[in-house]
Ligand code: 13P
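Only one chain is included here, represented as structure tokens and corresponding to the form predicted on its own.
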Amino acid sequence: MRKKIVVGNWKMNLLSAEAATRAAELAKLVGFEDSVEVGICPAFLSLAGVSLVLRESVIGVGSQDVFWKSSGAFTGFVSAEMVRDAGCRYAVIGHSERRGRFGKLEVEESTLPFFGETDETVNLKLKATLAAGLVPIVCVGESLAEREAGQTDAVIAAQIAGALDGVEDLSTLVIAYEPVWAIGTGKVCDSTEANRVCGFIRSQVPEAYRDHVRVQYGGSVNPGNAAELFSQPEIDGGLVGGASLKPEDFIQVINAAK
């Protein structure tokens, strides 16, 4: 049986001291009960501090992105080896916001080319993440326009094919289904449809790994909807945004996965 995994994506929130405090509060709530795998992904500058706070906790730490080169003249980028050195267990790859696909646009539209993640760069980052010994969380999902055009499955199939191209060992892979139109909007994909899409995602993974790969749902997960979503047979947990910033809310989401 696949172990449920619930990971909080803190995005660009919390200064280092506050991130460490929130992590400590969450660790007390989680305790040492590990029937659900739990992780949090703070901003880069908080990774080392949060990892130190959680060094004796069952909670793992993850980065929100990695670069595919291990070193070199790449100003402003952070390698998979660097985040592992900071204490990370996980790395999120290809989040819709990195791809410039926002459910709620909070930047000038003219700046969208800055968010230039592609299926090719997701693939490169996946290979680097695996080589560094990190657990990859690869994000896929459709925009509202793509869903309304009936292109959900085709878009996701292409994203998975691009991400997994040439990758042989998928035994630690986690895939997060995040319908772009549900990210930061308060809209949630119907649990039955979310389950169908997560099952479709699993069908796109090489058959030898289908029983191993865990598929999360991400998109406005909160204490009020987590139990229904996580009860679906194809949904193996969640990639949680806003609700993960408050330990008292996040623990309810975690408990819903038990």
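Note that the structure is predicted; figures quoted are calculated from it, not measured. The first residue of the shown sequence is 1; numbering continues from there.
This next part talks about the form predicted together with the ligand, which is not shown.
Heavy atoms within 4.5 Å of the ligand in the model of the complex map, among the stretches 32-40, 212-220, 196-204, 55-63, onto 212-220 alone. Between the options Leu173, Ala91, Ala182, Ala163, the residue in contact with the ligand in the model of the complex by a heavy atom within 4.5 angstroms is Ala182. At least one heavy atom of Glu97 is located within 4.5 Å of the ligand in the model of the complex. Mapping the unseen interface onto this chain, Pro247 falls outside it, with no heavy atom inside 4.5 Å of the ligand in the model of the complex.
Shown without its partner, the chain has Val221, Leu239, Val240, Gly241, Gly242 in segment 221-247 as residues with a non-hydrogen atom within 4.5 angstroms of the ligand in the model of the complex.
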